[in-house]
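One chain follows as structure tokens, the form predicted alone.
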């Protein structure tokens, strides 16, 4: 019995039509996602070039982008890991534990958690470090990731091919390796991606209020706040535009991932046994 997510060899024609390839094709065919990927790639290159060139309002905006994007990556990865572990543990421990563990996550997603970061920044004061702010931003992003990941795992476990594999007497370890994990990677990756825009929004809001990144570290929110208080429209335009573009790109890619990966999962999960 072969798993529905892949085959033993890349020369197998099924490999070329597997979920990874189909998901990639659907992702690049999704216009907002394709545009978002292009914008993110261009931003990465521009930020790297700005760090080398420096100078002027554009260079300052790109340098601020380096700080914001670095924070977003750290906090987003942390929030994604926490959310995925939260969902996996809830599903693995059974229905009663799942209800108890996921009820707080669902409740927290309805709250304006982004306000927690400036609150913590204010409590820590001017000497706040970067690590505590990253940890708080990760905690802010984790509940939404957990809720989405739990839904994806539940949808996967209800698939007919898993019931068939269990009925055929396939050992649990092989079912996990050949059926569950390959089919869970793509939907869970889409769930994890949602941590990135949440972390960036929380950091930008906190930094805009002067309660985000530590003193001496300038992100987009910090630059926007300083320019607004100084009444400098030129200095404000660059970081505001780059922040808006980045948030739009992250949301566009996230929407494309959820659509493409869910479609690839639904069309391939039951295709082969």
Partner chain sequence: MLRLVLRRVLAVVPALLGLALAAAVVAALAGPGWVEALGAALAALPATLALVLPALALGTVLGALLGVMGGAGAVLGGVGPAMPGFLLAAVFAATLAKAPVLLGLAALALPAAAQAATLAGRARAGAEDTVLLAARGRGMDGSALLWRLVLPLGLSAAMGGLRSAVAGTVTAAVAVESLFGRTGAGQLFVEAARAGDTGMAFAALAGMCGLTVLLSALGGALHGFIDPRARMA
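Only a predicted model underlies this, so the values are computations on that prediction, with no experimental measurement involved. Residue numbers count along the first chain shown, from 1.
Only in words, not in the display: the form predicted together with its partner chain, which the text now covers.
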- Query: Does its partner chain come within 4.5 Å of a heavy atom in each of 66, 132 and 150 in the model of the complex?
  - Reply: no
- Item | Stretch from 70 to 78, 137 to 145, 112 to 120, 85 to 93 whose residues place a heavy atom within 4.5 Å of its partner chain in the model of the complex | 112 to 120
- Contact assignment for its partner chain in the model of the complex, among 209, 58, 46, 40, heavy atom within 4.5 Å: 209
- Contact residue in the model of the complex, chosen from 224, 62, 213, 27 - any heavy atom within 4.5 Å of its partner chain: 224
- Message: Even though the partner isn't displayed, in the model of the complex is residue 33 close enough to its partner chain, meaning a heavy atom within 4.5 Å?
- Response: no
- is_contact(residue 106, its partner chain) in the model of the complex, heavy atom dist at most 4.5 Å: yes
- Examine residue 217 and determine whether its closest non-hydrogen atom to its partner chain in the model of the complex is within 4.5 angstroms. no
- Message: With a cut-off of 4.5 Å between heavy atoms, is residue 201 one of the residues that contacts its partner chain in the model of the complex?
- Response: yes
